[in-house]
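First, one chain by itself in structure tokens, the form predicted on its own.
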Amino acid sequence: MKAAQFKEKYGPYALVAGGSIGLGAAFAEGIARRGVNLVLLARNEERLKATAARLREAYGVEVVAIVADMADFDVVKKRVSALTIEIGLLVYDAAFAPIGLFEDTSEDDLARAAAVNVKAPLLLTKLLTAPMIERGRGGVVLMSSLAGAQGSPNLAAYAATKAFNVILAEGLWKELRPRGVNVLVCQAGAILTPGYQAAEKAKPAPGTLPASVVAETALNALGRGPIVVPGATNKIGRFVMTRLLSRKAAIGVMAQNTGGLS
């Protein structure tokens, strides 16, 4: 889709949740490059303002920066609802991933994972798609993970929340497409973000992609189908894990990759 068509379908503003750094910032840049103005939500005010300033300077778009914790949806809803601009695209990239054995994970961390990864994308999608349906145009991109394709030991809660987003997006894709609203879930593998590079001391996992590649793949896939898996290696891996192996075997493979996480 050409930039002008993208802007007409998904503009004049796109909201990116988790848009200050890493993949969220890559999404914001890809959208700004297409001439669409931005609303960026993130917790870290310093990084948020720096990203907003950089995108304004580089692409000449308007950028509204909103400091908000996606775990507190009441605050998020209040601040987003106060906007008087037209949001034609939602990209939800914010996430919280408790790592380690479930028995060692605190209730607070489990509650935060559910709030950031499930409640916020569910209710923000509800909030923003209502006016999109009325206008007969718009889009939603929800970020998921290959970890959500099967049980993932030591990432059990995180993987479960990411599975939720896959099923949500697939259902909404079918519901909202006739209303002019495109919904897509991006089921990514490992991504070269600052957080991943800090946690991964060894060489990157097979299929690891730069954030810019994942963002561009998702934005280019919007309107073409309900799900996209960036990268040939990840596509093959997902096919093997979900179509060729038994669930038991797939969980075993994941355990080999995530069993050492703590």
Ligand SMILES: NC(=O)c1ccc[n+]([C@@H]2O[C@H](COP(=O)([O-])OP(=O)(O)OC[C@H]3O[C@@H](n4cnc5c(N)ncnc54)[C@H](OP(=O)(O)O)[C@@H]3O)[C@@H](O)[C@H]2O)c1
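In this text, residue numbers run from 1 along the sequence as written. Remember, predicted model here, so these are calculated numbers, not experimental data.
What follows is about the form predicted together with this ligand, which we do not show.
This ligand is not drawn, but in the model of the complex it has no heavy atom within 4.5 Å of E62. Contact annotation for R54: none of its heavy atoms lies within 4.5 Å of this ligand in the model of the complex. This ligand is not shown here, but in the model of the complex it comes within 4.5 Å of a heavy atom of A94. This ligand in the model of the complex comes within 4.5 Å of no heavy atom belonging to A157. With this ligand omitted here, the record of contacts in the model of the complex names 157-165 of 128-136, 157-165, 79-87, 102-110, defined by a heavy atom within 4.5 Å. This chain appears without its partner; in the model of the complex, the one residue of A190, L122, A114, L176 with a heavy atom within 4.5 Å of this ligand is A190.
Contacts between stretch 32-46 and this ligand, counted in the model of the complex as any heavy atom lying within 4.5 Å, involve L41, A42, R43, N44, listed in sequence order.
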